[in-house]
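In the block that follows, a single chain appears as structure tokens, in the form predicted on its own.
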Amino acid sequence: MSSRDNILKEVLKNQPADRALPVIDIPVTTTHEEWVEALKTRLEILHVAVREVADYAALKHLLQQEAIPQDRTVTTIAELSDVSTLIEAVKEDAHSLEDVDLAIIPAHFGVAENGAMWVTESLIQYRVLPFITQQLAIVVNRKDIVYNMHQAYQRIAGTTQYDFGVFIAGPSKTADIEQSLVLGAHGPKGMTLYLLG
């Protein structure tokens, strides 16, 4: 028997007893409207602009007002196809997204605790889209705000399978060099959240 085998045998003999996982039950004593306000406060800290819109018609009107004619704007939201180019997996090559100025994507839900938006590949078509664009806009329904990450993971566990998922909480930023905050270091320079409803 080799030294390696002896060591592994001793390790196996000295394993701690199994223990049940702790029950994490954090009571939520606030209302849903307070979660939305907490989300907005958190996003302000994260340098994210928050816009509240009643519906997609109001959102389209807002996007038309703020549009810069020479910018390339894409979306994966069919309701916004008349104010932005609708990209579809069967028609686009991911490399063609390198010059996108604004990407408008939906989120499954948002988390008030940290300002994160849960996005999967089924909503964005291309994994690179929220990271390659210059500006990112995320649309989430205000009823789809959860209080904390515990609720978020419970909600994810109840959904269908996904190949890729990411929590997005603001534009790309770093303060590695001289403790100076730089936005857009390796991703979008800015982010806007549109709260629908």
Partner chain sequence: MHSKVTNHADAAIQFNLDEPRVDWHDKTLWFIREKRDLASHAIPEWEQLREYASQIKNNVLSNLSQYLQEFEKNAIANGVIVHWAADAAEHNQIVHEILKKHKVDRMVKSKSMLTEECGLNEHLEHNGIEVIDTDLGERIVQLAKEPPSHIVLPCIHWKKEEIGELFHEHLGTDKGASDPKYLTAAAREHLRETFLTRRVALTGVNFAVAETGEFVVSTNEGNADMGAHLADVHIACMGIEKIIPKQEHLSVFLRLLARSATGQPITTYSSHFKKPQPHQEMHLVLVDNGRSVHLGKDDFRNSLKCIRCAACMNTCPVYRRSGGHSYHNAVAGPIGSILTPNFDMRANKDLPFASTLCGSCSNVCPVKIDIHDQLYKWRQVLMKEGLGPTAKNASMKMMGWVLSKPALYDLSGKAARLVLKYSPFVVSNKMNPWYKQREMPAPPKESFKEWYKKNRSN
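Residue numbers count along the first chain shown, from 1. Small disclaimer: the values here were computed from a predicted structure and weren't measured. The term rigid core refers to the most C-alpha atoms you can superpose between the two forms while keeping them within 1.5 Å.
Keep in mind that the form predicted in complex with the partner chain is missing from the display, and what follows is about it.
Although the partner is absent here, Arg51 sits far enough away that none of its heavy atoms falls within 4.5 Å of the partner chain in the predicted complex. Contact check for Ala94: a non-hydrogen atom falls within 4.5 Å of the partner chain in the predicted complex.
In the predicted complex, none of the heavy atoms of Arg72 sits within 4.5 Å of a heavy atom of the partner chain. Residue contact with the partner chain in the predicted complex: Phe131 places a heavy atom within 4.5 Å of it. Of the stretches 151 to 159, 51 to 59, 64 to 72, 31 to 39, only 151 to 159 has residues with a heavy atom within 4.5 Å of the partner chain in the predicted complex. Applying a 4.5 Å heavy atom cutoff to the partner chain in the predicted complex picks out Val11, Leu12, Asn14, Gln15, Pro16, Ala17, Asp18, Arg19, Ala20, Leu21, Pro22, Val23, Ile24, Asp25, Ile26 from 11 to 40, in order along the sequence.
After superposition on the rigid core, the Cα atom of Asp176 is displaced by less than 2 Å between this form and the one not shown.
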